[in-house]
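Just one chain follows, in the form predicted alone, and it is written as C-alpha cells.
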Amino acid sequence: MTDNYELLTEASAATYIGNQPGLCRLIDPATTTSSEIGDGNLNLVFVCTDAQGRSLVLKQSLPYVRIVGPDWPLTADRSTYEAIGLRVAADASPQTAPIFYGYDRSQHVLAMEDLSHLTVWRTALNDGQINSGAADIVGAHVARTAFATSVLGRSNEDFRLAIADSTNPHMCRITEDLVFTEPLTDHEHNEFSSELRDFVVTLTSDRRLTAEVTRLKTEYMTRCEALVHGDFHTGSFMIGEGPSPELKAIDAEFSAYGPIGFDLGMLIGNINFAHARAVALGREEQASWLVEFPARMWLAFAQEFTKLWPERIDPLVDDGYRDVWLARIQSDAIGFAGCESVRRIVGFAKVSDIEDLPPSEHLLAARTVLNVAHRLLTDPPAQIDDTMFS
C-alpha cells in the first residue's frame, strides 16, 4: 500500500464524509464541522459534528511519526492493524471499546464513536481523579479480548490465519526498540535529568536486569498467545467519572499477536507513574487506591478468564493448564511493567505524570519509578499484589 494519499484537514473532513455512504447515514455532511484534536505521537484525529448534534471521529495515519515529523517516516498501513484491533475489541468487549464504523484503507482513515464526553485517563489521573472500579473494568476487558483471540476462542486454522493477518512489523519494531533495547543502551533517543545519571547507569549496567529485559523482549517477539493492544497505557483510554466509570480503550495501532501479559504489564507500569506522581504531590487517598490497582486488575482478569474457560474450543486444554497459563501471564506482566517503567523515564516518549512535576518532585518521582522497575526486573514478587510499588 502506498503512502501517497491526501491528508484530511478540518475543511475537507466533511467532504470526505459526504463521499462515504456508510458515514452519511450517521451524520449529515452538509452541516458537518470538524476540529482536529490529535495530541498523540502519531496521527490526525478529527471530531466531526453536524447541526443535529450527531458526531463521529475520523482518525488518519500520517506517513511519519507526528511528534518528530517527516524526518521519521512510518508506514501509514499501521491503521490496517488498528482496524483489526478495534474490530476485535468491539466484538469481544463492546462495553469497553468505541463503536467502530469502518475503515478506508486507501486513505488510511478509521471512523469510530466520538468519545469527547470522556477524558483521557492519564489527564484524569494527573488531576487526582479516583475511579475505584476502573481496575475491575480493565482486567475483564483484557481477559475477554485475550480469550477471544487465543487458541481458546479460535480454531487452530483461524488462529494461525489471524496471526498472519495481524503481523504488524513496523509498529512492533518501534516497541522492540523503544521499550526494550534503547533504554538500556547509549541511544540518542534517551533523555533524563542529569541528577539521575549515576542511578540510571548503575541500573542499566545490572546484568540481571539486562538479561531479564532481553528475555522479555524475546517473549514479546516470539510468543503469539493472543491479539494484544500493544500500547496499553493510561493515555490510550478515555474515562468518565464515578466509582465504575465509562471506560474505553482507544489507539490500537500497535495491535499484534503477543504475550497476554504484555498489555497488563504496560498498564501496571503506567499506574506506577501515576502512583509516583500522587506520592510526590502528597495525594494520599489517590496513592492508596493506586497501590491496590494492580492486584485488583489481576484478580478481575483471572476471574473473567476463568469464567470464560468452559467455552474453550480445544478439549485437551484442561483446568490444570489454565492455572499454569495464568501463572505465566502474571509473571510476564510483572516483568513487562518493569520494562515500561524504565522506558518512560530513560527513553523516548515521556509521560506527563512525571514530566509535568516541579523539579524536586520530578526527581523524587523518577527515582521512585526506577527503584520499582529495578525490583520488578531483578527480584520480582511472586504475584501481583499491593507491594508492587514498595
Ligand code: SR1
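Predicted, not measured: the structure shown is a model, and the values here were computed from it. Sequential numbering from 1, following the sequence displayed.
Just so it is clear, the following notes concern the form predicted together with this ligand, a form of the same protein that is not shown.
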Quiz item: Which of I37, L363, A349, A327 has a heavy atom within 4.5 Å of this ligand in the predicted bound form?
Solution: A349
Quiz item: Which listed residue (A333, V342, L58, L42) meets the criterion of a heavy atom within 4.5 Å of this ligand in the predicted bound form?
Solution: L42
Quiz item: At the 4.5 Å heavy atom threshold, is V47 in contact with this ligand in the predicted bound form?
Solution: no
Quiz item: Does F237 reach this ligand in the predicted bound form, with heavy atoms at most 4.5 Å apart?
Solution: no
Quiz prompt | Interface membership of H233, this ligand in the predicted bound form, 4.5 Å heavy atom rule | solution = yes
Quiz item: Might L308 be said to contact this ligand in the predicted bound form, defining contact as any heavy atom within 4.5 Å?
Solution: no
Practice problem: Report yes if all three of F192, F273 and V372 come within 4.5 Å of this ligand in the predicted bound form by some heavy atom, otherwise no. | Solution: no
Quiz item: Heavy atoms within 4.5 Å of this ligand in the predicted bound form: which of the stretches 311-319, 170-178, 240-248, 218-226 has them?
Solution: 170-178
Practice problem: Taking this ligand as it sits in the predicted bound form, which residues of 204-228 have a non-hydrogen atom within 4.5 Å of it? Please list them. | Solution: none
